[in-house]
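Form predicted alone, single chain, as structure tokens, below.
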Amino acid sequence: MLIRHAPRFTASEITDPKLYLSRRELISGAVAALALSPGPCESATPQGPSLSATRNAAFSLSEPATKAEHATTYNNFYEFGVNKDDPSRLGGTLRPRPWTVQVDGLAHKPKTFDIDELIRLFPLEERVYSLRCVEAWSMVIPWIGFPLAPLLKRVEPTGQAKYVEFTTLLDPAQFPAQKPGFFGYSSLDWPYVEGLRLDEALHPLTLLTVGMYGRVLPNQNGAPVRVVVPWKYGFKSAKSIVRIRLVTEQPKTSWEKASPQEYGFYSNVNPAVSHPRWSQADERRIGEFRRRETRPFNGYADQVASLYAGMDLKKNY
């Protein structure tokens, strides 16, 4: 047998590990940036009607926003498929008008609202929030909407109401991945369900969102209405909502049912708790090459940490 010996190298010829890793990070970032560039059939910016709103500086980050073409072509919206570009490619099947949102359950004055009625009822404001996803990436997005609290107070929750349950539209004709035969079909139990504790839902940071980047929400981002909870991971932000229900028991959410060992009910951003398949200690802001340290509660700890006083945030993940 012929055995070939590896050539001998001097120490000066061996690439420093730190340099190798930094180059690797740079290449990874460049590849990701290319992947995020809109293709010839993809919309570079939200194309819907413009939506005017006043910037709420008290709840807005001072960081520059992620480019709109990235925020609208790199999405998790499993009703359209499991790949990040599926929502922007396939989102044309969703019909966001006409649309109603049923607000009921443990409420003295339950009501079904037309989406345009909701927009007229509550003054719209723009807030720049960071959206953090469990795959260790994040974006900064100028959302347009109104706090959820005034809507909930309008239906007058009863004393038995402890939680708020959000339900996404169930319609395979509009959401192709809800069809069992769809390529890339998700095993989620449709319709998609998410939930918050009532005090979380009433917190002034919790935003019922109808637009972004100065326009109505694009289909791929949850048109015509979604919730945005900036101190939690992005999957807590239910999209294309058709029902908001006040309940006494903690809702069983879609990701809890699908993978309870990975996705808990609270889903607060906690860098000390790793996802079973990756660390959450750092993240990459979409459009940037470098990684940054993940902040507890996604940087909103001063506003929301008191909601969880005395709780074990590793157990209640």
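Given the structure is predicted, the values throughout are model-derived calculations rather than measurements. Numbers for residues come from their place in the sequence shown, where the first is 1.
A second form of this protein, the form predicted in complex with a small molecule, is not displayed here; the remarks below concern that form.
- Taking the partner from elsewhere, Trp231 is found to have every heavy atom lying beyond 4.5 Å of the small molecule in the model of the complex.
- Contact annotation: Tyr129 falls outside 4.5 Å of the small molecule in the model of the complex, judged by heavy atom distances.
- In the model of the complex, the small molecule stays beyond 4.5 Å of every heavy atom belonging to Leu170.
- In the model of the complex, the small molecule sits within 4.5 Å of a heavy atom belonging to Ser237.
- For the residues Phe122, Trp137, Phe113, Phe182, the 4.5 Å heavy atom test against the small molecule in the model of the complex is passed only by Trp137.
- Interface residue among Phe146, Tyr78, Tyr213, Tyr163 relative to the small molecule in the model of the complex, by the heavy atom within 4.5 Å criterion: Tyr78.
- Contact annotation for the candidate site: Cys133, Gln220 and Arg226 all lie close to the small molecule in the model of the complex (heavy atom within 4.5 Å).
- Only one of 153-161, 95-103, 70-78, 197-205 lies within 4.5 Å of the small molecule in the model of the complex by heavy atoms, and it is 70-78.
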